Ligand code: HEM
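The form predicted on its own is given below as one chain in structure tokens.
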């Protein structure tokens, strides 16, 4: 274990996942104080701390200026992720109004059609008896859905190069976060920003002529400035698809590895009478399955905060200006709150949580992710449609390797063998 500040920073830079594991204390009721480079950090692994920071003493904890600075290219300098106070509230309210029943029903129909688009490709893999890598296709589904919500535009033709640009910026932001100095403004970062900005500007000009609702339309009607709107589009595009795509990929892998869960999801889907948002919300088992995947593999694997005044956390003094990182992955596997915490138990979330802040994949309190409902919608429908039509088995039984960028991603493809599900198998 590295004991000097520079050594710790290098360890964190090389392997953030391993760093959180390495420094996890036996007694999680107290945060761990560590100096990384020239900065003071506190690492927390306890649901009680999460409640203290995100809810009970939230006025003492701001978003981390360190992290906000590092992800500015992804979120935009005025994007929702960067915003505080009234500006943040105004944007959240604008977006929230679009998540009414009719708006969500529209997205249900879109997601359903996007899933059906990949059925012929899966069927071809069955005929060839070859595994099928769902990763790029699930990413494309989520990005297309985000495009409809944000822009009222199906990004089917733009999805691959937009995704590549966001992943590149995500990687650069992760490298910057874990380094002592700012990462240089690299040519690839410049190209990725140009791709995102030019595509968003081009699409925005086209879709503003259409009457269908979108975040872009709502913000333009509110009289927001063009630069402010573009930053919101970037922030929502990144936050709205990157974390959802990552969580859906992990969830699909886990479901593919558990045949009993697939069958129950298929049976639940067959019982549904209508394809709409209200019926999806009643699908308790698949929602529990998705939450269990989020518990084991949270896309946002840590939540960064910064103290704006002195505080005491778990009996430890936290001076003003300290960086406080909540380890979401460890909080959600805390053995005091979850039986067999490292095991996938699909129906775990049918039952009530022992602690409300032991499950925080979307954050918590007033700053909880505004896109949580949309992410659940997409995951519920995608998993239902896949399990209703197919039985799945992953090519590799080992858990996926994690690439810890600003958000967690799989390092490699996740090839899955498919076979058609017979109707009697869901009876």
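No experiment lies behind these values; they were computed from the predicted model shown. Residue numbers count along the first chain shown, from 1.
Missing here is the form predicted in complex with ligand HEM; even so, the following discussion is about that form.
Legend entry - in the model of the complex, segment of 120-128, 79-87, 314-322, 255-263 with a heavy atom within 4.5 Å of ligand HEM: Heavy atoms within 4.5 Å of ligand HEM in the model of the complex occur in 79-87.
Inset, instruction - Taking 4.5 Å between heavy atoms as the contact cutoff, choose which of 332, 214, 299, 288 touches ligand HEM in the model of the complex. - result: Partner contact (heavy atom, 4.5 Å) among the options: 299.
Legend entry - Option touching ligand HEM, based on a heavy atom within 4.5 Å in the model of the complex, out of 370, 53, 36, 377: By the 4.5 Å criterion, the partner-contacting residue is 370.
Legend entry - Non-hydrogen atom contact residue 236 with ligand HEM in the model of the complex at 4.5 angstroms: Within the cut-off, so yes.
Legend entry - Contact label in the model of the complex: residue 243 to ligand HEM, heavy atom within 4.5 Å: Taking the distances in the model of the complex, the answer for residue 243 is yes, it comes within 4.5 Å of ligand HEM.
Legend entry - Partner proximity in the model of the complex: residue 390 to ligand HEM, non-hydrogen atom cutoff 4.5 Å: The answer is no: residue 390 has no heavy atom within 4.5 Å of ligand HEM.
Inset, instruction - Report whether the minimum heavy atom distance between residue 135 and ligand HEM in the model of the complex is within 4.5 Å. - result: No.
Inset, instruction - Note that ligand HEM is not shown here; using its position in the model of the complex, name the residues of 288-317 with a heavy atom within 4.5 Å of it, in sequence order. - result: Residues within 4.5 Å: 290, 294, 299, 300, 303, 304, 305.
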